[in-house]
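Just one chain is shown here, as structure tokens, and it is the form predicted alone.
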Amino acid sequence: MTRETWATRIGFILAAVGSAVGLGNIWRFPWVAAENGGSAFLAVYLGIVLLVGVPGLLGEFVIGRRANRSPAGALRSLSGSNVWGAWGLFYVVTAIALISFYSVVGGWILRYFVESSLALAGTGPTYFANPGQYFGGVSAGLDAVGFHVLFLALTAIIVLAGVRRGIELGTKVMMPAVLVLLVGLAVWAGTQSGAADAYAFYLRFDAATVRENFFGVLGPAAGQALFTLSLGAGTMVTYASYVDEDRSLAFDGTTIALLNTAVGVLAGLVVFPLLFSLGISPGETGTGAGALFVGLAGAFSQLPGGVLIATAFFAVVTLAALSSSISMLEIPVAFLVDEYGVERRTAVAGVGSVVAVTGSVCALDPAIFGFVAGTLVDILLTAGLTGFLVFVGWVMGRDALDEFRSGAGGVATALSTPWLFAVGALLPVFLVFTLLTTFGMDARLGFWPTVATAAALAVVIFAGVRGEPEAA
């Protein structure tokens, strides 16, 4: 079976950006930022994107392009180890966990978009009357299951069409549309009366606030950075595996990270001015997954032309959600196609059926949804990226340098050795530390004992990897 590849370089970049630019930026980013201090969170988040996200993204690219396989096959073929092949199954499970909750949120978005579109020809959307009560009624239960399945079906149709005719073509259409609509909304939101206060909350750097809240926002910021860059689940390994020519991975990775971060910041420039213009503090919208649905629905209902604005906003989010969900579904589909020679149609149907069930569980039980969308995703993505980086630094080694330098320019080539040191030694320690803070160990032990524990655990991992025998 001939393996598909991207038709164009821009197709690969837009597909990767589409994977990164999704609900993580437009839905999850403003919600998590509001819960963690606005500008303090933004400062920590941007630092993690630059120092952890970009090197990690390049690490996944190196694995994917070197092996031309999905994560499980890539780790096994590059290492010659069945143990690493078994670890690759972790990424299949992670992808299924991600899309299980993601398609539920996609269903919410799709419902709001349909409701807003239909209201253009008549009275205001139903959710205008009582946003909180409306969201509470549609966010869980059989209605949520129905829209989850509908959103999943749209995702499956695109993935079924393949890499070039499905994923690449779809993202070439969706991503420019998302950027144009989002820029337009951000410009318009900047004219609203509360824009200045919103910008102060969101963009003003306060070093004291960052120092006071650094460890409290570190875990959420790291999880958000990995989530929005599609790191730790194997998406970027899978997408890079479809690259069939030498080109600068450093250039492509940096471009993708910058575009992704710009969209995340843009989303905040839309959401926060809307809330502040109506005197709504981000904290007053409530917390958790439904915060923005409730807060923005209330804002739209009080704005002139609110129905049109709501329709445009939910159109942006629907397209962004689809561009990400197709990348999540592609991971287990590619695993079945690559490792077992399953026909793409059969693989899509099989994985789609599994996710229809797991997503329905999330749609029916808000407690399960909250756990999967929050704590579980943060842990899985952080652990997943740690595994990839350890693999690059301690298993691939010089092969990783060769792959990094292939097609790279002079600057990227000069940075290749520091990059390998960072991904093989420094970043795994940081990610282990982040996992420990997620479990509250820093509060129990203190900062430096937690750092020492993270370093010791990382050394144990490194020693285990170095001592692991290859498969016969």
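What you see is a predicted model; the values in this text were computed from it and never measured. Start at 1 and count along the sequence shown; that's the residue number.
If you look for the form predicted in complex with a small molecule, you will not find it shown, but the lines that follow are about it.
Chemist: Is every one of S79, T386 and V392 in contact with the small molecule in the model of the complex, taking contact as a heavy atom within 4.5 Å?
Modeler: Not one of the three qualifies.
Chemist: Since exactly one of T228, T171, S241, T382 fits, which has a heavy atom within 4.5 Å of the small molecule in the model of the complex?
Modeler: It is T228 that has a heavy atom within 4.5 Å of the partner.
Chemist: Give me the residue from V105, A198, A297, M328 that has a heavy atom within 4.5 Å of the small molecule in the model of the complex.
Modeler: Result of the distance check: M328.
Chemist: In terms of non-hydrogen atoms within 4.5 angstroms, which of the given stretches 367 to 375, 261 to 269, 229 to 237, 339 to 347 touches the small molecule in the model of the complex?
Modeler: Contact criterion met by 229 to 237 only.
Chemist: Using the partner position in the model of the complex, report whether A15 sits within 4.5 Å of the small molecule, counting heavy atoms only.
Modeler: No, A15 sits far enough from the small molecule in the model of the complex that none of its heavy atoms falls within 4.5 Å.
Chemist: With the cut-off set at 4.5 Å between non-hydrogen atoms, does T155 touch the small molecule in the model of the complex?
Modeler: Answer no; every heavy atom of T155 is more than 4.5 Å from the small molecule in the model of the complex.
Chemist: Is S100 a contact residue for the small molecule in the model of the complex, using a 4.5 Å heavy atom cut-off?
Modeler: Flag for S100 set to no.
Chemist: My question is simply whether S324 lines the interface with the small molecule in the model of the complex - judged by any non-hydrogen atom within 4.5 Å.
Modeler: Yes - in the model of the complex, heavy atoms of S324 and the small molecule come within 4.5 Å of each other.
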